[in-house]
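A single chain comes next, written as structure tokens; it is the form predicted on its own.
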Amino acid sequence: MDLIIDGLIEAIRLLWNGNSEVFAITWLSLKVSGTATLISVFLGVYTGVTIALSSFWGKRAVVVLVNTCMGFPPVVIGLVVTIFLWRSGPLGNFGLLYTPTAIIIAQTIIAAPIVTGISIAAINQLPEKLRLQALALGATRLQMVWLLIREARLPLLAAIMAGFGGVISEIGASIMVGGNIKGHTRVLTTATAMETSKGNFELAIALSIILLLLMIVVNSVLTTIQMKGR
């Protein structure tokens, strides 16, 4: 219990004193995970809506694959991305390994299936007559799709929250492709793991509290938007 209290005090002290390293780590975490979430939203919503509104052979298998990828181990994704970005890998010439860009790539791969799966479910739960009515009233297919997205905006906001929560708290892939380099690729989760391994529990708890506060703030904003939309 004393460790938790000391960690809370340390978190307050770090924030109050404006610790530059902690703020840099926090900003990088928000920037990397925010970018990955934004990319995954565009990819996931587009893919999810396309799958939900299309009829093709093997659709059930595709949905099963998407749902399976929603729970794919981040460490496996980190391994695959590392192999591709390795110097002798297919994308090694770009020099992306151990950079924030590499973390964004890995986190996007983690979040995209989450957003895609929830988007499929969100569109499928809408009445099928809604699509037919929109087309019957003269709407183009693009206008009909936009109408469905607007009608499903509340669960789609939940998809954004799920995607962001999945990547901001992820550590396996981030540490593998980012390398946890101080001042360059160190984010809140990897910094917390490092401080824990060094026995600096107060600082580790402080970083964890900052991570939780960051998640609470972001999710509170999205939840407020969701409730207003309702």
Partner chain sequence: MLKKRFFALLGVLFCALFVVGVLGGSAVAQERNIILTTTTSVQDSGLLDALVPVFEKNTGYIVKTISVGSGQAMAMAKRGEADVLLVHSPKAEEEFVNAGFGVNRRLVMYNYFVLVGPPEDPAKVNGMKSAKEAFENIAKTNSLFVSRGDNSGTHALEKKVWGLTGLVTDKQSWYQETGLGMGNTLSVANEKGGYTLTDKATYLSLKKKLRLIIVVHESKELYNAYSVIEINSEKFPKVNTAGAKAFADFLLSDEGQKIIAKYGVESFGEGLFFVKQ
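Predicted, not measured: the structure shown is a model, and the values here were computed from it. Residue numbers count along the first chain shown, from 1.
The discussion below concerns the form predicted together with the partner chain, not included here.
Engineer: Quick one: which of 146 to 154, 117 to 125, 132 to 140, 101 to 109 gets within 4.5 Å of the partner chain in the predicted bound form, going by heavy atoms?
Structural biologist: Result for this chain: 101 to 109.
Engineer: Give a yes or no for F72: in the predicted bound form, does one of its heavy atoms lie within 4.5 Å of a heavy atom belonging to the partner chain?
Structural biologist: Output for F72 is no: heavy atoms all beyond 4.5 Å of the partner chain.
Engineer: Can you tell me whether I181 touches the partner chain? I mean in the predicted bound form, with a 4.5 angstroms heavy atom cut-off.
Structural biologist: I181: contacts the partner chain in the predicted bound form.
Engineer: Wondering, does K59 line up within 4.5 Å of the partner chain in the predicted bound form on heavy atoms?
Structural biologist: Residue-level check for K59: no, no contact with the partner chain.
Engineer: Look up in the predicted bound form whether A158 has a non-hydrogen atom within 4.5 angstroms of the partner chain, and give yes or no.
Structural biologist: Output for A158 is no: heavy atoms all beyond 4.5 Å of the partner chain.
Engineer: Can all three of W16, N19 and T223 be found with a heavy atom no more than 4.5 Å from the partner chain in the predicted bound form?
Structural biologist: So, no: the whole triplet misses the partner chain.
Engineer: So which residues in 34 to 56, when you check the partner chain in the predicted bound form, have a heavy atom no farther than 4.5 Å from it?
Structural biologist: Counting only heavy atoms within 4.5 Å of the partner chain in the predicted bound form, the contacting residues of 34 to 56 are T35, I39, L43, Y46, T47, T50, S54.
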